[in-house]
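Here's a solo chain for you in structure tokens, the form predicted alone.
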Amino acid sequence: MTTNIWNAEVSRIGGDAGEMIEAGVLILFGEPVPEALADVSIVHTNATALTRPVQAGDRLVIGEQTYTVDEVGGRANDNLTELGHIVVYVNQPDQELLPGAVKASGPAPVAPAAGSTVAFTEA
């Protein structure tokens, strides 16, 4: 059985988010999102509260794709709680881990459909 740590529903994908997603950079942002950031974000709504901090070894599920969380920045859980915001670097082990970011590994990312689920789950 999979236990959710946090989940939300994708409400829209920013017009410029596709290139970021193809490059392995997923920017999650909860509503309301500043328009300047909405263009590059996977915007979500109806987020649940974190049941515990996201940590290495957890899973990130976006639509039909599942990733393993490899590292978590020092502010990532606070930003997710306060803004629904987190940056996920997929398959970029050499990327500097910024405080509000997470590194994850898994399949090549694709844009999720509006209405799909984004969630962090226990491994």
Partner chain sequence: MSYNTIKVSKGSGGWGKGLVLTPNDQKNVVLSVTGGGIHPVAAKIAELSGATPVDGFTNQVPDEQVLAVVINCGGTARIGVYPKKRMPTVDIYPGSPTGPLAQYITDDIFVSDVGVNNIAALGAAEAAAAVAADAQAQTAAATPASTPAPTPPPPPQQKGFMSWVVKFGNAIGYIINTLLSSGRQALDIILKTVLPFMAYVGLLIGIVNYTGISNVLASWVTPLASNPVGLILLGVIVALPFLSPILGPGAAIAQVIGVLMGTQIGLGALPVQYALPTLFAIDGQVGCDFVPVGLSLGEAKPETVSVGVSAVLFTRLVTSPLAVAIAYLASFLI
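Numbering follows the first chain given and starts at 1. In this text the structure is predicted, and so the values were computed from the model without any measurement.
The discussion below concerns the form predicted together with its partner chain, not included here.
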{"item": "Its partner chain contact in the model of the complex: residue 100, any heavy atom under 4.5 Å", "value": "yes"}
{"item": "4.5 Å heavy atom contact, residue 49 and its partner chain in the model of the complex", "value": "no"}
{"item": "is_contact(residue 56, its partner chain) in the model of the complex, heavy atom dist at most 4.5 Å", "value": "no"}
{"item": "Non-hydrogen atom contact residue 61 with its partner chain in the model of the complex at 4.5 angstroms", "value": "no"}
{"item": "Residues 10, 13 and 42 all lining its partner chain in the model of the complex, heavy atom within 4.5 Å", "value": "no"}
{"item": "Sequence-ordered list of residues in 89 to 107 near its partner chain in the model of the complex, where near means a heavy atom within 4.5 Å", "value": "89, 92, 94, 95, 96, 98, 99, 100"}
